[in-house]
Structures are given as structure tokens and as C-alpha cells.
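There is one chain below, alone, in C-alpha cells, taken in the form predicted on its own.
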């Protein structure tokens, strides 16, 4: 059977910048998928674009492509990415420029998929009766409409497949689903039809395994993590997909990390809701039908995946302004580190109360005692060598947050002794972009999706 290799090169914006290079140079692959987006990433990108209209995409992607563009063209490796974020046009245009500078002018094409951005049509959609209610609370979007900064629908494989069909060597999208970056090339190459739900569901499972990079090849792995070799040059996953929908998860020979049934299973259950209904724009995959077979030598076979018809809805990621925040830290040392930190927090709260400032929330944690797992039973041991007091506030009033940032430093000389770790100065006031998940009928989005192919 024909086999297509789709390699993962990024699991999030900020991932190992050398991983895509290792994937391209380390052995044969057909496609390189680069996943940059998460809900919080969309909010960050929108904040950046609000300050600079030319921003709003994963800037790391462009210099990366300048490095690997020539090798990708020479080796016939095509790239699919959602690095476009909230500004895919700017990302694609920057890619064309660096492609010419990298020497692939006249030899490469960049596919641009857009239409996921709903901001220009948001009021029209609301007027048409699309409430875009919060999936978690049921509240209508009208409650925060005036504060909405971005709204992007999660799109699937169809426009990516069209860009590949039209000869794009690199496809740039906005808010594509993470899994579509892997299964869109498979639909294109292996000729699966839109109603071939089982095989598309297998592609979704492959995409879910691929989407977090080295998390399925030994990174962030709970099973015998201390025995995993050479994480410094960990190999990122490669999916070898066959026409029948079975596939093998592997990595380049000689690379670090490990591919086992356990490592792949950990990634499969990551961010899992109802395992019987993993919903994507193109299929609903049943993760309870997955069969895993450890072949040894960093190869795990996946087969038996079943799928069903997609729902009539698409998910929408909405970001809205939700006030301001600041977080500061002080480190207290032995003896009585935890007691000192608690006293410091109490003193700071008393001073803030006297200033009559307006906070929606004020939270303190003792890093090294209760910050990860929440309040613990009993008292922290007196011999803790050090504890970091982390204290943060959020408010609709920026002035209150700014005043908070001035009240931490005085604790160094006017609070409990043995403070260290304040060399960074006052905390920075940050605008909060809150996440609002919603659903919308796909017929309101998909007719507006467009595909362009730009010559490099």
C-alpha cells in the first residue's frame, strides 16, 4: 500500500526551534506540519496585532522557513502550518519575501487560507440569530460584545487540501484545528473522500498524536521518565499513514526520546473529553476504537479507528478584554521560610486594604509548598530551605493594579526578614484577554473560506 510520512515539527508557539530542522534533515518525510496555536496563543497574537497591525502571526515561523525552505523544495517536502494566527495574510506575505531571500524564488508557491476570522461579520452574525453562547456557561456573546477583540472559527481540512491541489509547497492558515494539519495532507495524497469517515478518523487520531510534538516521543512522559534517552535532541514524531487508515508512529533513527505504546497512549488521552466523540470539522472520531501495537524499535502501529459524520457546527475561539492583572514574587529563605512568606502576604493585604483599591481577585501562593496542588493538609515543615511568595491581582481598574505593583518592593525592608529574588523590579501590568468558546453553524463560515496561491 502507498504510504505518506507526515512529520511534526512544532507542538506550540515557543517549542524547540531546531526540531523542524532535525525533521527535514534527519531522514525521509513527505510533509512537515507545524502547530503553533492554542486558545491562549490566539489571545496573545490579538494583543500583539492591536499594538502593531503588521503583527498577529507566529513570528518564529518566518525565520525558520528561511532556514529550511531550500531543503524542503529540493527534497519535495511540503509544509502545512497554522502559524498565520490572527493575521495569515501578513504571515504568507512575509514567507514569500524570505523565500525569495532564501533562493527559492520561481520554484515555490505559498498557499494562503483565510476566512476563519469572523470579526468583520460578528455583528451581522449576531443579528442573524447566531448567539455564539459560551459553551461552558450558556451566556450569550452580547454580554461581552463590546469587549471582543477577536473571533476565529476552527476550520478543517477542505481548504488546506484545495491549496495542496493547486500546488502550494507551504500552506498557511489561521485558526485551523491542530489535527487538520496532519490529516489534510493525507486526504490529498491518499484520495480519501469526504464520507470516508473511518479513514478520516484515523487521520484525526494521527493528527492528535502529532499535534503536541515530542510529548508522544518521551517528552513530558510519566512512564519511567528518567530512563528516556537524550531528550536534549529528542526526536519529534513522524506518522507513516497507509491507504487503509492504519499507521505507524515513529521518529528518525538515532534521534533522542522514545516511541512506545505507553508514550503514544499518554498523548492520546491528553486533552480528552468524551473519548467516543472527538469532534472535528470533518469527522467525529471514536477514540475507544483505537488499537495500539508496539512493534519495537520506536515504532507503534495504530489501527481500527472508527468515525462518524461531522456535526453541523464549527467551534469558535473568541477573545475579549477582561481587565488587568499583575503578578509579583518574593523569595523567603530558611529559617521559618513559609511563616515569613505568609506574614509578608498578610502585611501586603493589610496595606492594600487601607488603600481601598478595587480588585476582582487577589491570590497568594507559596511556591514550593502549595502552588501546584493547592492548599495542603497541615503546616509546611519549618525546615523548608526556601519558599517563593507569589501574589497576583486582577481588576477592571488599571490604576488599582498599577498601585499594587508599587506595594511589593517595600516588603523587602518593611516586612519579614531574609527576602531575596526581587532583582527584576516591579511586576508588569498586563491586559487580560479572556477565552470565550462558542459554536456556530458551519454554513455561516465555510462559504466565506478562500484559498490563494502566491508565487515566491
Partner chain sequence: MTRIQLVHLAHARSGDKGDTANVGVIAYDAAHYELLREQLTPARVAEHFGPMLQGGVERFELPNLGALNFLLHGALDGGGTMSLMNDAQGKVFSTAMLRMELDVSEEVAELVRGRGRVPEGWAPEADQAP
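Not measured: the values here are computed from a predicted model. Residue numbers count along the first chain shown, from 1.
Beyond the structure shown, there is the form predicted in complex with its partner chain, which is absent from this document and is the topic of what follows.
Residue among 444, 432, 439, 21 with a heavy atom within 4.5 Å of its partner chain in the predicted complex: Result of the distance check: 432.
Listed residue that, although its partner chain is not shown, lies within 4.5 Å of it in the predicted complex (heavy atoms), from 274, 379, 383, 101: Answer to the contact question: 274.
Its partner chain contact at residue 162 in the predicted complex, heavy atom, 4.5 Å: Taking the distances in the predicted complex, the answer for residue 162 is no, it never comes within 4.5 Å of its partner chain.
4.5 Å heavy atom contact, residue 371 and its partner chain in the predicted complex: Residue 371: yes, in contact with its partner chain in the predicted complex.
Residue 365, heavy atom within 4.5 angstroms of its partner chain in the predicted complex: Because a heavy atom of residue 365 falls inside 4.5 Å of its partner chain in the predicted complex, the answer is yes.
Residue 71, heavy atom within 4.5 angstroms of its partner chain in the predicted complex: Answer no; every heavy atom of residue 71 is more than 4.5 Å from its partner chain in the predicted complex.
Among 185 to 193, 257 to 265, 306 to 314, 331 to 339, the region lying within 4.5 Å of its partner chain in the predicted complex by heavy atom distance: In the other structure, the partner sits against 257 to 265.
Any residue of 217 to 247 that, in the predicted complex, places a heavy atom within 4.5 Å of its partner chain: Sequence-ordered list: 219, 220, 221, 222, 223, 224, 225, 226.
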